[in-house]
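Let's start with one chain on its own, the form predicted alone, as structure tokens.
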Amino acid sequence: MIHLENVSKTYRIGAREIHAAKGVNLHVKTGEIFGVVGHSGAGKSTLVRLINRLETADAGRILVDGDEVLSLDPDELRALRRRVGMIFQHFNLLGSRTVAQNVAIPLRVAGLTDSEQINARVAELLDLVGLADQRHEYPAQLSGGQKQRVGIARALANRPKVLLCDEATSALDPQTTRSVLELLEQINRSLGLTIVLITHEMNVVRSICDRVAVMDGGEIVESGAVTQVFLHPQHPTSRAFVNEAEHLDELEEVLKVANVEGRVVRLTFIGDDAYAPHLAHAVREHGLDFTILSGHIERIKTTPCGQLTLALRGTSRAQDVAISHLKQQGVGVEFLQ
């Protein structure tokens, strides 16, 4: 659905140059939820605005649904933007318009004048986002989560194929964030919509994304399936995000306090293996002895995943045989010490 090939964007402030995108290559499949994660200033918001040409790239190729974005004339660009909806961190609702009137704006801008058709489409959208009873209220009367739902309904008004979400949950509390993410996932499933989700929160990516790209300094430093990037991050920036989300940085303190010597391993279980007794078998059959330093079982989107960090005890041979057994069962083994 979306292809970025060697895309660059530089802002110039006086004599200073800011490279917001440097040779970015990105491919988003039709119907997937693709996350782009990075710290503030990494270039992720610029990246998403290049897709619908709210910002114009300096170099490279951008294709959306088969259209060369950089070569579109004004009429063609307007047509593209009707196929690419967008929601924002701060909602961008008109305070003088009701909920229904805000949702109707894209329909009227697109040239629809039949009030019955507009009202029917608005009612359909408000029902979809769970705001049918708030159609006559104004933005000031809504909670943050409700405002974002209005923004989502407005972005879907012209039946787009792509939905761009620029920090859509950053202004929301954790509970409201979960409800908005559940709504986006529902929309993705029911409408087959391709979603690009910009965020600085790895937990948001873990909740609903299929694949993720990690940005740092205007570049994509790592990308892949969320399970792979989350469980086995390769780049220091990716590892920092995962460590923050999982509180893995606390492990160093645990090692110091516990005065752990010898081998420390992290075991990774994916899918049904997260609930299988592989470790119990290794203990029973090979005499493995260990101390649990940290561990958790959770879901990355719909995939169960578990990680256990162990300080191994006993003879080296018992450890080697048990670890070999775990690897044969498909358990990921990473030596931390």
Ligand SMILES: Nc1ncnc2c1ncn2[C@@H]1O[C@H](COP(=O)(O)OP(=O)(O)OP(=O)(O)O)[C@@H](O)[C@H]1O
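Just count from 1 along the sequence shown to find any residue number. Here the structure is a predicted model, which means the values were calculated and not measured.
Beyond the structure shown, there is the form predicted in complex with the named molecule, which is absent from this document and is the topic of what follows.
Here the chain stands by itself, but in the model of the complex one stretch of 266 to 274, 59 to 67, 34 to 42, 282 to 290, 34 to 42, has heavy atoms within 4.5 Å of the named molecule. By the criterion of a heavy atom within 4.5 Å, residue 13 is counted among the residues contacting the named molecule in the model of the complex. Contact annotation: residue 20 falls within 4.5 Å of the named molecule in the model of the complex, judged by heavy atom distances. Remark: residue 222 does not count among the residues lining the named molecule in the model of the complex, judged by a heavy atom distance of 4.5 Å or less. Interface membership of residue 46, defined by any non-hydrogen atom within 4.5 Å of the named molecule in the model of the complex, is confirmed. Of the residues in 142 to 180, only 167 comes within 4.5 Å of the named molecule in the model of the complex through at least one heavy atom.
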